[in-house]
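Before any questions on how it binds or moves, here is one chain, the form predicted alone, in structure tokens.
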């Protein structure tokens, strides 16, 4: 028992462990510079063997100190230095097991009492069975093409079969027997370009894309009257007519013909308690100084501001004829689940536009808008038609009466792993065990990081989410305003700061703080650093991103470092004592040798 204890406290073991730690840190530093922080954490600092290495160093230091017990006065620095190392290692373990590295994104005016860690989770919900499962992933920043089980019961099983840490999204349009959406493949070609693009109809029946050379609009033609308007728009256009407004709620739909003289009037919606007020018509809507204004009476970008009123209150909506994909102001939070779509007949744009219309009988028609007027007709698949701009021709290569969008992801390499600007993605494999067919049905679903999908698998609704792991805060953080300073004469960011309000109900505390790049906020063991910011589509800052650190071992590590430095200073202070003790030890050994020689000489004589 004595020899193993002596070995644990031996200088040889201590030197070997220190060399091992130094080599590990050297390799890890170079590896981090090449592959990023996440990679080095996954392969080095958060592994069991690195924790074991630190533990062995702590054990070696402890036994090295105990070997010299009882300690002499001149060994005070030696003992304190070893104590500091032990405390430092204990603090490192506290950080390793209970430390938190997270972030807190906030929009101006937003308040949260939770943070997002760098851990990734898959959440699976079965609403009909009122069940929810959460799985924390530990996959690291490396692609994996192996099966990772997530959920399995009598009916279905869900597993990850592909994981891509850095991925690029690729969308395909494919046939689908269950879809109610149509799709066309358009080819637009000239001597300068050749573009192929799939267009999938949306729920509103009007899909618009911009191919660069021209705008392509794929729309539904409801009836024969609308078809005649589509083929002969100039003949059908009437003075003072705006068009139609379609109102969709959770369970009803209304279509109203509207004229310019109707602006300011209120209309009741048939068989409901709702009313619609036409507040303002903007034929040429533009945003100036963050405000929507009307630039002219020419209908270049028709927009309609309306008010829906009912028993539960009133809400304002803004609908754009050319941009039906833009949500109205309150669409996402509408108390009536309302969506409004403006179909303008007042549109007078003579720019390069191509309309492809589809009737209820799946017949395709085209309408080309150019400076030479409007040309229209019936579409035959594969046939080329002139656009009258840039010597370009178009053709509809393929038509799918029932189609859906299929999203895939491909692995990519990134220049900066610490700022990849590319999401991670997982492919889930859903397997049905209770299906009637002999072979179990399988379906694959791709999820990008921070994405949630609602799907129906074999008659059962499922909610699948791939999100960062959240942790609750014991207090609330409210962002009053994010402020960004710029370099003089440029738009280059020079400084960030966030004005926040901290609310702690348990302490009855409400206090304002300013978090800047050099002034973090520390409260309740959490430290909030100014990290980055959020922007809108125009690049205007709309919120802040705070880095959050929680390190329960920080004070212990600081204490250990201070104690270790104090011990080293004391070792220098007792340096002469060490030298004298060594000389005394050597003198005693010499006397012992001489004494032994004298005894031996006496025996021989």
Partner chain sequence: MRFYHKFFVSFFIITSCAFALEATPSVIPVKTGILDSRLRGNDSAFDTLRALPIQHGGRLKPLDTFAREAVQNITGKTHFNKFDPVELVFSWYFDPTSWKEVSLILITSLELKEKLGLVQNQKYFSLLTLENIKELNVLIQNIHEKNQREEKLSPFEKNVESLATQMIILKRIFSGELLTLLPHPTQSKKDWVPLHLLSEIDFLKTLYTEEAQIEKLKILQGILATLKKSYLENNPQDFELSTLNFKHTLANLSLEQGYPYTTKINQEIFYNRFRPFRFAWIFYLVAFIFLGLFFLTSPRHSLGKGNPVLKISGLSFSVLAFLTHVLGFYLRCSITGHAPVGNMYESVVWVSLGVVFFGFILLYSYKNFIVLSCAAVIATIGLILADNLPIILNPTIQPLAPVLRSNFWLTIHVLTITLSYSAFALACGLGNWTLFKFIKLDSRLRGNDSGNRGNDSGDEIKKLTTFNYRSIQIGTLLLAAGTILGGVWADYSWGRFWGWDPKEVWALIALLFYLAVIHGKKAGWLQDFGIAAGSVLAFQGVLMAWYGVNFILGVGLHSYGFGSGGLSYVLTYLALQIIFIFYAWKKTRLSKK
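Please read these numbers as outputs of a predicted model, since none were measured by experiment. C-alpha atoms forming the largest set that superposes within 1.5 Å between two forms make up the rigid core. Residue numbers count along the first chain shown, from 1.
The protein also exists as the form predicted together with the partner chain; that form is not presented, and the subsequent description refers to it.
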{"property": "Contact check for 199, 396 and 424 against the partner chain in the model of the complex, heavy atom at 4.5 Å", "result": "no"}
{"property": "Close approach of residue 45 to the partner chain in the model of the complex, 4.5 Å, heavy atom", "result": "yes"}
{"property": "Any non-hydrogen atom of residue 63 within 4.5 angstroms of the partner chain in the model of the complex", "result": "no"}
{"property": "Residue 59: touches the partner chain in the model of the complex, heavy atom cutoff 4.5 angstroms", "result": "no"}
{"property": "Exercise: residue 293 in contact with the partner chain in the model of the complex, heavy atom 4.5 Å", "result": "no"}
{"property": "Partner-proximal stretch of 518-526, 221-229, 119-127, 404-412 relative to the partner chain in the model of the complex, 4.5 angstroms, heavy atom", "result": "518-526"}
{"property": "Of 513, 267, 496, 389, the one that lies within 4.5 Å of the partner chain in the model of the complex (heavy atoms)", "result": "496"}
{"property": "Members of 41-70 lying within 4.5 angstroms of the partner chain, judged by heavy atom, in the model of the complex", "result": "41, 45, 50, 54"}
{"property": "Residue 519 C-alpha moves between this form and the one not shown by 2 Å or more, core aligned", "result": "yes"}
{"property": "Threshold 2 Å Cα movement between this form and the one not shown at residue 126, rigid core reference", "result": "no"}
{"property": "Flag for residue 549, CA shift 2 Å or larger between this form and the one not shown after aligning core", "result": "yes"}
